[in-house]
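Provided below as C-alpha cells are two forms of one protein chain, presented individually as structure 1 and structure 2.
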Structure 1
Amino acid sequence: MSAVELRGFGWRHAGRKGWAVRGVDLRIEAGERVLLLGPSGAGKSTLLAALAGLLPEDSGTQEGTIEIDGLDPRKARERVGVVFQDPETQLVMARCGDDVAFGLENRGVPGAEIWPRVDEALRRVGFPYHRGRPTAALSGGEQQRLALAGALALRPGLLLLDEPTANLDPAGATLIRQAVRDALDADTTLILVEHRVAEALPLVDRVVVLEAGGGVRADGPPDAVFAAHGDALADAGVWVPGRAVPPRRAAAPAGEPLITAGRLGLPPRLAPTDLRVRAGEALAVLGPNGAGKSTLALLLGGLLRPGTGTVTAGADLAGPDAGTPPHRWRAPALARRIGSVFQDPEHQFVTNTVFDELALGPRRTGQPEAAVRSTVDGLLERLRLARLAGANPYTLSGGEARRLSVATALATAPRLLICDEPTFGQDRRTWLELVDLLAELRDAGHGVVAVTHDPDFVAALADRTVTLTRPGTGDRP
C-alpha cells in the first residue's frame, strides 16, 4: 500500500565515472505489480537498493528525488521489504525461526506476537521445516524462501524482489513464484526484477523498461508494451515473450574423447556418474538443486579429488601428463588445458580489476604481452565490459560478473571448458553473445561442458545432455 515517486532520479556509485541509473521519472501507485526490465548493467539492482533505502549517502552521488509515500526511502525502511538475488548474504541468524523473528524484534513487535507471525510467514511461503532448523542446512532454494518469509513477516507496503529465482531449478523457481503470488496481500505494491519475462508475467500488471544510457524506455501493461515495442526491446536485450532464439548446432561430428568419467562420485555430494566429453561437442548437465552438478564440474575440472571412480583425460588433452588424473596436474598445465567457470562468479575472482582478471590466465600460461592485450580487448568488447576494464570485479552487476567469470576461462582458450550456470542473469543480447562464444569454441574443436537450469540454452547449444538426480532421494523434499 505504498506509492513510489521518482523525479529525474539518478545514482552514481563512488569510484565510477558513469551513472548506474539516471533520469528516471516514474510513479507507481499503491498496490501496483511492476516488472522492472532492462539490459544487464542498466541499473535495476541499484534502483531497488535506492528504494530500499540501502544506498548510504557516503557511497555515491544522487541526482533528482526518490520518495516512498512522500518520504526519503532511508527514513521509510519500515515500509519496505526486500529480497536480493543472493540468499546467503541475507540470512542473519543461525536458526530459521530466529532469522524471521529478527526483523520483527527490530521493529519492536511485542514478544508475544512474534512467534505467531513467524509461523504465519513460514507457512505462507511453504517452508517445509521446523523453525529450529539451522540456516546452514538449507539448499539455495530453501534459503530463498526463508529470505522471502523474513521480508513478508514485516508486512511491507512495498515488496522488492531482485531476481529471486536465479540459480533455482525450474520446479524450485515455480514454487517461489507461487509463494510470492499466494503470500502477497491485495494492497501490497510489488516491484520485481527478472530477466526471464515469460515466467514473471503472471505476477505483474505493469512493465517498466529501463534504458541502458538512462531514462525509461517503455512503460505500461505488458501486452501493450510488447505489442508496441517488441522488436526494438528484443534488440535492446529484453527477453520479449514468444521470440525464439536461433539454435547453434555443431557444424561437424564430434571427435576424440577429451575426458571420461567412470563411476565418478563424491559421497554424499555426488552419486557415481558415467560420462564422456568429446572434442567439438557441447554437453549440458541438468538436474535439480543439490543433485551434485557443481561437484561434478569441479571434479571434471581437476579441482577436487574424486571420492570414488576415475577421471581420465584423453591423450590429446593430457599431453605429457597422460596417465595422471587431472586433479594431480600442476596448476599452469591445468589452466592451459581445462578452463573452469564457478557457479558463484565471485568465488573465482583473484585480482582487483576486470582487466587484470582477464589477463591473469594468459599471462600465467606464458603468452607474450601483446597477445594478452589483444585477447583481453577482444573479450571485453564482445561481452560489453570494455567500459568496466578498470573496475573492481566485486562491484559489477550480477550479469556483468557472470560474463566476466566466463570470459576469464575463455581467455586461455582451453581444450576443455567446464562452466557452471554460464548464462544466468543475462539479458537477451549478452545471452546470445555468450552462446556464440561457446559455439565458436566448440566448432573450433574444443569440448564444452555446461551445468545449467536454462532450457533455452540447452535447446540452442547442447549436442547431448546428462541429467543427474539427487544422491539418495532422487527428488526434492
Structure 2
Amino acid sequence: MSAVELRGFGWRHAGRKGWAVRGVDLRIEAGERVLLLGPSGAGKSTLLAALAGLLPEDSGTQEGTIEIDGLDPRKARERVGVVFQDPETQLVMARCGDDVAFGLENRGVPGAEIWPRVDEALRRVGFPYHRGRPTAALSGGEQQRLALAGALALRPGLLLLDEPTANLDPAGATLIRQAVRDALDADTTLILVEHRVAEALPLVDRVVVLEAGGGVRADGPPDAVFAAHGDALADAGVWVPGRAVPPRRAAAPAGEPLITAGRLGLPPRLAPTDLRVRAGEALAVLGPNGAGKSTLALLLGGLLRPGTGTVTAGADLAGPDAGTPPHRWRAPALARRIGSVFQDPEHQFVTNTVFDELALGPRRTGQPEAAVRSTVDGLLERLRLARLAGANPYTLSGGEARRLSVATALATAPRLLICDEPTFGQDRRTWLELVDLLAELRDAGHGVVAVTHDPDFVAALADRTVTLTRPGTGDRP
C-alpha cells in the first residue's frame, strides 16, 4: 500500500523556459484508483515520471515536494510499478520471459518464485506467446502487454499506467483493463492516464484533472466531476464521455490510384496483401496487434523492401520514376511524394529543435527560406506547438511528439501520407485539429493511409477500411 502527496509540486525540464507541470496540490490515499486527466501538455506524463522516481535532480528544476509514503520517489522505487507511453523503452532483454523476470531478479526475489510469477503476469495480460519469444519480434501493442506484465509481476504498492491501451486493438485493450482490474490488491494504489476515458472509468473511483497552465482544475468522483465541469473540460481538450466528434466526409469521389499493392508481404510479419489507395481518399488499416499493419505501412512508404509481391506507384505519384518501386526511389524524391509517420515518433526526429524538425523536409526539397518559415509557422500554430518551437523534440510529451511527427510529414505536402497511429496521445482539441488537417489534405486530392485502433478516427475520417488478420489465421483482403 502506498499513499501519494504533492504540495505545490512543479517540474521544468533542463533547457526549457516553460514548466512541464506546476502548482499541483494533491493527496491520494493508499488503495485509491485515480484517473489523471488534462489537455495534451498539461504534465500528466511528467507527473507520473516524477512519482516513478525517474526525474534525476540534475535533469531539471523542481518546485514544492512530492512523496510516496513520506519518501522522495527516488528512494521509494521498489514500491512502484510503471508502464509508460512507449513500452519499447522499458524492454531490456532479448526474450520475453527474461524481460518480465528482470525486475524480479533485481529486487532479489527467490529464484523458485520468479518463473511462476512471470507466467502468472503473462497470463493476466493475455500475452499470446511463450517465454522464449524474442522481444524484437513483438508489435507495439504486444510490447505494451509485456511491459505491463513486467510491472504487475513486481506486485507494486503504487501502479502508474500512462495510456496502457493506446496502441492496442479493442480485444487487447479489453484484456489490459481486465488484467489491471484483476491483478490489483485491495490496497494497491492506481494512477492511470488514459484518453479512452469511458472505457477507463470502471477501473477508477476518482478523477483528477490537471490545468494546462498549472494546478488542479477538478477533483472528485467521476460522475460529479463530469456533471459539474463536463462542457468546460471538453472545450479545454479533455475526452469527456458522451461528447460526439463530427464526421469529416470526403468532398468529392476518390480519383485515380496512387499506389497499388499486389500480394505484398514480408514473412513472417505480413502475409500477402492486396490493396489500392486512391487520390482524394482516406484509407484506414485495421486489425489485431501482430497482424503486420506497421509493416504494411513501411512497405507502402518505400521504407522496406518487399519480401513477396509488388508495390506499384501510379504515374501521378511516381513521375519520372514510373515503373520503379518506391523502395528504390532516391531519398529526396521519396520524401516529396510519400510522407511516413512512424508508430514511435522519436524514431523520426533528427534535429535539436521543433522548428528545425519541421523545416528539414521543405529545406531538403529546395523550398525558399521564406516559404519554409511560412509552412513551419502555420503547422506550429495549427497543431498547438508554437510555444515549443525552440524545444528539443525529445523533451516533448507523448501527445506533443505525435503531433510533431505528423507535422513533419505534412510539411512537404506529400501526395501520399502514411500514418501509423496518428491520433495516439491526443486530447480532444488536438485530435480534432489532426483530423481536420488530414481531411483537408485528402480533399485537396492527396491520399491518406492510417494504421489505427481509434474507432472515433475511423468513423470521422475513413472513406474505406481494410482489415488485416494475423499471419496464419486467414486470408488477407
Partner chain sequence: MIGVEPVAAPGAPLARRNPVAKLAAALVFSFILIATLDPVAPAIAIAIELAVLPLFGIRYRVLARRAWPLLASAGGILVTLVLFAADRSGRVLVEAGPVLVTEGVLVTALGLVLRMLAVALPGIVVFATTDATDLADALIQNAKAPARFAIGALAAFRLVPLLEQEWRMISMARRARGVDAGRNPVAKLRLFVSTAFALLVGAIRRGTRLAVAMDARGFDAGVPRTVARRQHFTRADALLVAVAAVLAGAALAVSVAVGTFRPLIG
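Just so it is clear, the structure is predicted and the values come from calculations on it, not from any experiment. Quick note, the numbers are simply positions in structure 1, starting from 1. Here the rigid core means the biggest group of C-alpha atoms that line up within 1.5 Å when the two forms are laid on top of each other.
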Would you check which of the pair is the form predicted on its own? 2
After superposition on the rigid core, does the Cα atom of Arg328 shift by at least 2 Å between the two structures? no
For a quick test of reading the superposition: does Gly53 move by 2 Å or more at the CA between the two structures, rigid core aligned? yes
How about Arg305 - superposed on the rigid core, does its CA move between the two structures by 2 Å or more? no
C-alpha positional change at Ala101 between the two structures - rigid core reference, Å: 4.7
Using the rigid core as the frame, report the C-alpha movement of Ile68 between the two structures, one decimal, in Å. 2.5
